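Shown next as structure tokens: one chain only, the form predicted alone.
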Amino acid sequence: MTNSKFEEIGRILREHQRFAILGHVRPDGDALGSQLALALSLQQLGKEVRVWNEDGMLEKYSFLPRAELLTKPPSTPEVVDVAVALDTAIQNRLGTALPAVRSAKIWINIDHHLSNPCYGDVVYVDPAAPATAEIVFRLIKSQGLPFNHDIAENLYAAISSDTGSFQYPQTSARTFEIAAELIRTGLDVGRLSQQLYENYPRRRLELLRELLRTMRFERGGRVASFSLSSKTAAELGVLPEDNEGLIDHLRAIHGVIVAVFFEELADGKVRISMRSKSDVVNVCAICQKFGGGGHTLAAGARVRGTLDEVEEKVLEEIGEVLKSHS
């Protein structure tokens, strides 16, 4: 099954000329690294490639090789043969990149989110993969697509960031084997890790300080949360990317099973990031009740309402799930 699906995708990549490689809004390292890696491989094949994301390239990941290729989508749609959605569980999470490729004859959907409804013409979703970049690597290698140092560096950064630096439960022996193969291309792992994990702007730490002031615990310390109002975000001058990974400070607390980050958005909605340390609490299922999705242990949603309203609704739902398993 895997080989036949990869062969189908490989054939499409070779037979067509104009591609748009897309990723989800509020991108993370896995989305950005996977997009750049596949785009660079296609460029080596002589293809015309656009690499689009509603937010463009994030400051945090601007060190990635050929980062300048990844831009915000144009306001006027462009004609492409194939649109490839990477790491995007729900198609509308492509944001403004979606209308930019309405003319695409073929849609390819490559992802690792359990909640992906398998949109598109050709779909490869592997929930067992700890990162979409791992799937992209397997696709490139199995189909003999171009592969070089820059592609390897993008894939390594993507896998490292989406596995919590190779710490999360779905990290497998295969993940380490792939990482080893990427490192053999001559990657400087020390420099890469420093760029990924030791290169934060000061405002991110000031944001964390403010978030910790809002920290609250529920259900005997098994649920921890903090929240960010749009007022606080504006006062600190933070970028959306600055809060990536801050929820891990809550998840790391002894006794906490579920961690939640509530972020007030400008459109009257609240963005929820949720993490679990136990399969007993499936945060993907909880987030799906609020129109979101993700993985069993890491998921999110956007919910209409005030910060206080959404906090209470979501924490109550988590409490009910914990009560049913206590």
Ligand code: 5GP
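Predicted, not measured: the structure shown is a model, and the values here were computed from it. Heads up: residue numbers just count along the shown sequence, starting at 1.
FYI, the form predicted together with ligand 5GP isn't displayed, but the following is about it.
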**Report entry** Any non-hydrogen atom of residue 192 within 4.5 angstroms of ligand 5GP in the predicted bound form
**Finding:** no
Query raised in the report: Applying a 4.5 Å heavy atom distance criterion, does residue 236 contact ligand 5GP in the predicted bound form?
Result: no
Query raised in the report: Applying a 4.5 Å heavy atom distance criterion, does residue 299 contact ligand 5GP in the predicted bound form?
Result: yes
Report task. Using the partner position in the predicted bound form, report whether residue 90 sits within 4.5 Å of ligand 5GP, counting heavy atoms only. Result -> yes
Requested in this report: Mind telling me which stretch in 59-67, 45-53, 272-280, 32-40 gets its heavy atoms within 4.5 Å of ligand 5GP in the predicted bound form?
Outcome: 272-280
Report summary line: Applying a 4.5 angstroms cut-off on non-hydrogen atoms, the residues of 177-213 near ligand 5GP in the predicted bound form are none
